[in-house]
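Form predicted alone, single chain, as structure tokens, below.
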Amino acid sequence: MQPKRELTFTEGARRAQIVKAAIETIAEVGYGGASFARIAKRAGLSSPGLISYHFADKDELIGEVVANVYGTGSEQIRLRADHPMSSAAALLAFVEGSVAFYDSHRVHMRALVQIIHGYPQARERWVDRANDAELDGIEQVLTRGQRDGEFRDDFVPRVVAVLIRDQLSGALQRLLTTPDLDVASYTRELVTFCRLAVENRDTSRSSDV
């Protein structure tokens, strides 16, 4: 098998242009309605055939779209168990940062939701692996917090990681369906909700004395 050659600057720029147009088109008309013709028109391309030059088929393009959405998110929201800040600070910054990213990248997130709903294989092919990696990160921070006494020790980290992930999924759905949502208040209460769910009350009381 021949190694994949590196893209030229021009090719990389054109691919990025197509991916951006695909994200915007899918967000607007859904996965099923996002034809190469529509994407090419939004991208300002003279022919849909120019998309086929850079992407073998719609499958490859959609995979690149999903990778772009998750890649953009991970650049702005990174949850690391080895971060020098406390586990509580790391966890709550992740929750707050996630909602902020959803809010500032609504088109990206709407496109991702449209792909998941419109293409049943998307979860298995691209989405589940990324979500599992995120869950692993949350679990590691929760485990570290329990070990250091920041968090109560009577919960299963993976279960609580899933619950936090579910709360964030709900926040995304709320953002996408409620244009006039008070994002600041919603975020503040969600962060408080997550903090109260995991904090070690004995430690927090003693620190207040």
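The term rigid core refers to the most C-alpha atoms you can superpose between the two forms while keeping them within 1.5 Å. In this text, all values refer to a predicted model and were calculated from it rather than measured experimentally. Residue indices: 1-based, along the sequence shown.
Absent from the display: the form predicted together with another copy of the chain. The rest refers to it.
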Worksheet item: So in the model of the complex, are 162, 174 and 177 all sitting within 4.5 Å of another copy of the chain, heavy atoms only?
Response: yes
Worksheet item: Applying a 4.5 Å heavy atom distance criterion, does residue 170 contact another copy of the chain in the model of the complex?
Response: yes
Item to complete: State yes or no: in the model of the complex, is some non-hydrogen atom of residue 58 no more than 4.5 angstroms from a non-hydrogen atom of another copy of the chain?
Response: no
Practice prompt. Flag residue 113 as yes or no: does it have a non-hydrogen atom within 4.5 angstroms of any non-hydrogen atom of another copy of the chain in the model of the complex?
Written response: yes
Worksheet entry | Heavy atom of residue 10 within 4.5 Å of another copy of the chain in the model of the complex | no
Worksheet item: For 114-133: residues with a non-hydrogen atom within 4.5 angstroms of another copy of the chain in the model of the complex?
Response: 114, 117, 123
Discussion item. Checking residue 144 here: with the core superposed, does its CA move 2 Å or more between this form and the one not shown?
Written reply: no
Worksheet item: residue 53: CA shift of at least 2 Å between this form and the one not shown after core fit?
Response: yes
Worksheet entry | Per-residue C-alpha change between this form and the one not shown, residue 189, threshold 2 Å, rigid core fit | no
